[in-house]
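Presented below, as structure tokens, is a lone chain in the form predicted alone.
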Amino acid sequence: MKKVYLETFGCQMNVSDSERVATILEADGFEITPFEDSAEIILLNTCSVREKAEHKLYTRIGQIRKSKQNKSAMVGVLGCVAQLEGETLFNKSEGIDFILGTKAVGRIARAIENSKVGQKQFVDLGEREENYDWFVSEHQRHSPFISFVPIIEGCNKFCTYCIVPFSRGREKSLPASSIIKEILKLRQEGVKEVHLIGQNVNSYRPPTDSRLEDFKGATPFSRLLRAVAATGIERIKFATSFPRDFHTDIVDAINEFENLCNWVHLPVQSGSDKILKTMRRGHTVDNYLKRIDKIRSSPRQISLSTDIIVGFPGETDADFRETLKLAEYCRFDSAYLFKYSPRPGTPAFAMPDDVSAEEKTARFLELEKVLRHSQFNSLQNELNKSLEVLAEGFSSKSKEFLTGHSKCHKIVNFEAGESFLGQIVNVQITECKTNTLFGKIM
């Protein structure tokens, strides 16, 4: 039985792909091991969203080949970097045996077999099989209590800075019937929380599907949310939403169903209309703020997170001040903040990268201060309140504490024993720190 070590970089879609790779290999007689040194096959599932993420791949391959234990291991590169770079990766980094693109991961066993029999530098960047099995084995999920459920893959938006449409292809929605069937199965297996995932979940446009006809909703995605809520699974989250396609009926659906969690991730990227236009985001500050106002008006007190890029080509100090103004208005509960880095193959790569590294850092730190302030205020607002928390695992600092997320996707640590793992418990919040809430079971 060959031992396989699988390492994943990047987003939830990459994690989800890795879970299916592990499921396929397990069914074919391979053993998935958490120990790199004992593996005969090492798989790296890669991310290409940022330049730093891509450089991680080359660093890791160097580390693997320098290791005495791994010198003879077979190394396969999967995912977004594999899809974009293809066979040129063999020239950029020695020690790669085969390459599988984002839609070829279902053929992982064949790639290993071809490399094993001596086919050097095997590459498969082909399309996904028509009968591709989205099933994930129960013990190959990243959590026994939480499951990622892809509903759409790819992206049609072509924001000027983003490589995803080239690494993941065009948008393709999965049938609602298969999504509902999967969630019903997960519920039977004891999964407490599902995350509906995709590059742009609210761009969901499935083939005609009778499973959605019985549910009201202004868009296919809001009808899907209601259909998933009707399965009775205890908690439902979704990410990522695209502002242009975010219909306010999504908020109405959250208000109607308690098991639709009160959290929305809505990346704005910039608070300047000029920069948003250069980014080709398709939304303005005004129509983004209208969506924010709808979200904030919910009686469910929906938590709001976002992504923001600083230092995009052409961003002046005045543009950046507009982003600060937007951040102060929105009072984001959390945010992912990035310094712009050019990605070859994107339209923005041809634009002058005219914001200096020093200025990017200064803007990053100034905006981070505003965002941290709003995040801390959001956490403080939970003091002395009771939150429903899914006990997901042990705290990294102490085995006497469990950790999990609330419905509004805040991290909560609380003192409890192993017997509470997998349960949704009421936790009274007694303390908050920079990123985390602390409490005790009521």
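Just so you know, these numbers come straight off a predicted model, no measurement behind them. Residue numbers run from 1 along the displayed sequence.
Note that the form predicted in complex with S-adenosyl-L-homocysteine (SAH) isn't included here; everything after this is about it.
Find the only residue in 226, 237, 343, 283 having a heavy atom within 4.5 Å of S-adenosyl-L-homocysteine (SAH) in the predicted complex.
That would be 343.
Only one of 172, 339, 244, 110 gets a heavy atom within 4.5 Å of S-adenosyl-L-homocysteine (SAH) in the predicted complex. Which one?
Looking at the other structure, the residue within range turns out to be 339.
With S-adenosyl-L-homocysteine (SAH) left out here, work out from 227-235, 160-168, 284-292, 88-96 which stretch has heavy atoms within 4.5 Å of it in the predicted complex.
Result for this chain: 160-168.
S-adenosyl-L-homocysteine (SAH) in the predicted complex: within 4.5 Å of a heavy atom of each of 49, 199 and 267?
Heavy-atom distance to S-adenosyl-L-homocysteine (SAH) in the predicted complex: all three under 4.5 Å.
Applying a 4.5 Å heavy atom distance criterion, does residue 307 contact S-adenosyl-L-homocysteine (SAH) in the predicted complex?
Heavy-atom contact with S-adenosyl-L-homocysteine (SAH) at 4.5 Å: present for residue 307.
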